[in-house]
Structures are given as structure tokens and as C-alpha cells.
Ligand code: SAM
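A lone chain, given as C-alpha cells: the form predicted on its own.
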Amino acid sequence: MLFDNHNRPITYLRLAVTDRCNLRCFYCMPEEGIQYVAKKNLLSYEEIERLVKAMASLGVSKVRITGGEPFVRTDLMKLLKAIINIKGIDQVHLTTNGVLTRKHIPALKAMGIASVNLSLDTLNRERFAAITRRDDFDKVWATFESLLVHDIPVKLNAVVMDGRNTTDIPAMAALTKDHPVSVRFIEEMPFNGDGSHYPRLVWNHTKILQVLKETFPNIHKKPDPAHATASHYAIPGHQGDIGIIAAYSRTFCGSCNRIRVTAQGELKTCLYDHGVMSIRDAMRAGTSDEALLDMLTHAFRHRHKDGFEAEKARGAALPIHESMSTIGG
């Protein structure tokens, strides 16, 4: 197992396979969308497999495939199967918006996908259309129901946005009563292609928990798994649980075991950094496997202490304005 310079193990890779998306979510990109990377500049599937094998040899055992929307990319299922079969990779997870996912669920179950994170910010069709700028709620809900039928562990990710979906918090949490799901409420971050929507974060993790306590007075804290980003809670009599992710407040950095690779092959050792090396360029320059491992190890051993330090290191010339679709959700 590889440890960084703050004695945190590196065991979890979040890997984006595309920056393209079929939704235009308010918290992720402007209404007109973003300038997508040319396809030739994305990591090829062969490069992705080489990268994951290298990461596995360094101790990475968990991979999450993200986007953009992963299913926008052709032949994603072949890539997932290939990654699942890589020696040393114990778990492969998937994050999706659910619009194109439903037809693949039986195959995902058969190949052994560990879990699916489904982005769903509201249970109201009109609010869904306003947030995503697309009228696809029914498709996403059908995906949710199919995941349950096929007994695939599912987490619902809801980004909490002031004035847009805060009234949905109780209803989203109530889903855990009759369904064995984890509903996770996420602080909004400034990765939307424009920068922060607010002069200060109104709906932080403390306020989200306050609303939950007002609706569910018996809600109580659960133990958090090692390296968890969410603070976990349970409501007596409910099958599922609730998580609150302080993504903007960054309260979990001290135990962070994850690194990111964007669809264009940029290594990010912190969500808030500007990228520390181009894996794609190194591979295409003919870098050997041994040299690539040395480069990755060097990057992991020079990580920022937390998201605030990483953001500060960007400097005034590089303010946060990327879309989460570009970074990898």
C-alpha cells in the first residue's frame, strides 16, 4: 500500500471516461454547456486499462467510473468489464445520471458492479427539469427502480442548492424508509463552469442536518467507514441511511484516500487542485511502465494537506471555474 506525505493511504481512484453529458445541471455547467475536449485528447480505453493496472500495482483497489455521463461514451460496458478483471481491483463502482443507464442494469449486475451512485437532486419533475435543463426525470426514476429490482447497492446523490431544491430534503430522506438506499446530501461546490453561485455557502452540512433533525427528530449519527467523505445518519425504522457530504466545507480531507484522473488524463491529487501531471502526455511520449509508476508515486507523495491548501496553491491567476463535468464527478 502506498501512503502520501500526510500518511494517508492511496487506495481509491475516481476515473472520468468522458467530459460530455446529456444534462446541463445548474451546479455543474452553464446552460449553454461547456467546450468539450476533442475526442482524440481523451484517454483511450487502452490507455485507461494501462493506467488502472499501474494504479493497482501501487495499491489502488477501488475504482469509480465517472464522467460527464459515462454512458455517453461508446462501449462503456466493455471497459467496465475489463477494469473489473484487472488483478488487484476489488471493487468497481459507477456514478451516472441515470438517463441512459436502465437498459444496462442486468449486465451491470451480471459483471459484478459493486454499486451505483445515481444523481438525483429532487423528486419533483418540474424542479428536475429546471435544475438539469432537461425533462428526463421519468428515465432517471426508472433507472432507480431497476437498480432496486436487480439488488444493486445504490446511493442517491443530491446537491443541495439554495432556492432550488431545499424543500426536497425531507422527501428525499424519506425514501430511506421503504428502500435500502443511501441518500446523500452534498454541499454545492463552485465547479460549475462559472465559479460560486453565492457570496457564501448558505446550505452547508450543518444547516442540512438541522433541517433533517426538524423533520426526523430521532435521526442519529452512525459510525462512518474509514476514509468516508460522508457523515452517516440513520432514522429508526428506516431500511436505508442518510449521508451528508461537506464537499465545500472540506471536513474530511484528513482521511482522504482518493485521487482523480480526468477524461483527458490529468492527475488530480485533490479535487481543488489544478492538476499535477498529464498521464496522457506521459504515455503518448513513450514513458515506460516503470517510469510512469515513479511519476505517479512522486505525485502521491507531494499531495496538499487539504482542499484549502490545494485551492490556495492555484493562486489568483487560476481561480476555480472548471465544470465538474470536465474534472470528473
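Every value quoted in this text rests on a predicted model; they were computed, and no experiment measured them. Residue numbers here begin at 1 and follow the sequence given.
Below, we refer to the form predicted in complex with this ligand, which is not included among the displayed structures.
Considering only heavy atoms, tell me if residue 189 and this ligand come within 4.5 Å of each other in the predicted complex.
Heavy-atom contact with this ligand at 4.5 Å: present for residue 189.
Even though this ligand is not shown here, does residue 115 get within 4.5 Å of it in the predicted complex, heavy atoms only?
Contact check for residue 115: no, nothing within 4.5 Å of this ligand in the predicted complex.
Quick one: is residue 165 in contact with this ligand in the predicted complex, heavy atoms, 4.5 Å cut-off?
Taking the distances in the predicted complex, the answer for residue 165 is no, it never comes within 4.5 Å of this ligand.
Spell out, yes or no, whether the shortest heavy atom distance between residue 28 and this ligand in the predicted complex is within 4.5 Å.
Residue-level check for residue 28: yes, a contact with this ligand.
So which of 140 to 148, 215 to 223, 236 to 244, 92 to 100 is the stretch with heavy atoms within 4.5 Å of this ligand in the predicted complex?
It is the stretch 92 to 100.
Using a 4.5 Å cut-off on any heavy atom, which residues of 51 to 87 would contact this ligand in the predicted complex?
Stretch hits, in order: 66, 67, 68, 69, 70.
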